[in-house]
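Coming up is one lone chain in structure tokens, specifically the form predicted on its own.
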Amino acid sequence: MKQMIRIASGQGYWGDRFDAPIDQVREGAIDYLVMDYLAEVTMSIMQKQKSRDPNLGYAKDFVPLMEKLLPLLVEKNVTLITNAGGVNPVGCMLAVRGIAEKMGMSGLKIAAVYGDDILEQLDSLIASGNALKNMETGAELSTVRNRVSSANVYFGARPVVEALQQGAQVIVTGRVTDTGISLAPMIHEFGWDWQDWDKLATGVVGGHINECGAQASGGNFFAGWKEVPDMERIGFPIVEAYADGHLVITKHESLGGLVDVRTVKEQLVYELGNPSEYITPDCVADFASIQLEQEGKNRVRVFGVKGKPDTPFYKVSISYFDGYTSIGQLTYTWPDALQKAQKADEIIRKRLDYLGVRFDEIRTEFLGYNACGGDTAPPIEDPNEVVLHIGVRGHNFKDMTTFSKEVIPLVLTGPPTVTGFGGGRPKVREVIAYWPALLKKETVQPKVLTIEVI
């Protein structure tokens, strides 16, 4: 049994840096590479893709990446775990197999973890008494059922461990938690008991540190961003996990970035609610118990983590159609840039009132003046330029298109010295809203399919 494994983060979200996972495998020794692609809105996008083409529904840019990455994984005996499978992990697995076959990688085992997509089961679940109430409002899902576009259960590390036990070197999952894809290798390699809550919680903490890519190694670093070297080739974090239940966060020394107590702390508080109850499908981790210690250059020791038993529920991520939005912008230049932008805003609002259109919300920001700080922004007497950024949200598509036709005419009917209208009329886009719910674990079971390249 190994006493230490190195789990490298290769992706923080769909659209993250393309060469980061390649650097992680090529620039030093690692045992596992984990890549996180999924967010709540991502699932609805993938579900739309799959509805148009049943072979799609996964992160499409993952497949061309594998053409470059797969030979490195095989050469260096690195296991890849990713949730790039989205709503079609089996389809993604088959696409990876196609690449492996072209490259002659016989014997390579590839696994898909699926069963999390419950969109087609929603009606039967509701009929059998699973109201899938909104965790924030208490409303029952039936109130928006006809507008639901995706529904996925958050599985934890268990099915990924099963895939590892079956010998898979590439594991493609659906909606497995960000923490679960890093926790699974620790359980598999160290033989941790599923009720050793402190060790499981330590693995969850490691997964949370890994899940956002370079955010734990100097990226998006508020406390000391000017200190971070070589950000143009920033090194993503690596979790050194130890069998006794502690971690060391580090990175490849050949790459840029910075790992210190501050960078790790900033990542630990990311998307954190109650720090004493960080709930995952595998356990409940007490983030208030975490101890951090600078062990050396770009090395932070994580220890003392306490955990509690898992809950009887899976969290379910549901998305549904909730109207439309349209956003337009115009840039006004000095002199009197702010006053011009404010006048343009006034004209648009009066025009919308004159035309009799109504919206759930109209919001205006003046970029370069108050878009980030709002009323708390320090005053600027006479800015060089100000961008009018105005958006509407509503359920009446006709009213939305009326708004979209009212921005560009201001070029010749509004205040002078305007630019930034080359993109044409604002687009009308669908709004996809988020519906979090709970489902008893015995209601749905994860599935694992492992295939071998011949």
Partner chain sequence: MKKVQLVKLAHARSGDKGDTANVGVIALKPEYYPVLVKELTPERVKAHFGRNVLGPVERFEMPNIGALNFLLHNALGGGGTLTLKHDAQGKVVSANILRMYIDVPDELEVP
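Just so you know, these numbers come straight off a predicted model, no measurement behind them. Positions refer to the first chain, counted from 1.
In what follows, reference is made to the form predicted in complex with the partner chain, a form of this protein that is not presented.
- Residue L292 is the only one of I347, V74, I126, L292 with a heavy atom lying within 4.5 Å of the partner chain in the predicted bound form.
- Screening L438, I432, I22, V444 for any heavy atom within 4.5 Å of the partner chain in the predicted bound form leaves a single hit, I432.
- Note that among 424 to 432, 25 to 33, 62 to 70, 43 to 51, the stretch whose heavy atoms approach the partner chain to within 4.5 Å in the predicted bound form is 424 to 432.
- The partner chain in the predicted bound form is approached by Y270, whose closest heavy atom lies within 4.5 angstroms of it.
- When the partner chain is considered in the predicted bound form, E136 lines it closely, a heavy atom lying within 4.5 Å.
- The shortest heavy atom separation between R363 and the partner chain in the predicted bound form is within 4.5 Å.
- The closest heavy atom approach of T376 to the partner chain in the predicted bound form falls within 4.5 Å.
- When contacts are defined as a non-hydrogen atom within 4.5 Å, all of F221, T325 and H389 contact the partner chain in the predicted bound form.
- Of the residues in 141 to 165, none comes within 4.5 Å of the partner chain in the predicted bound form through any heavy atom.
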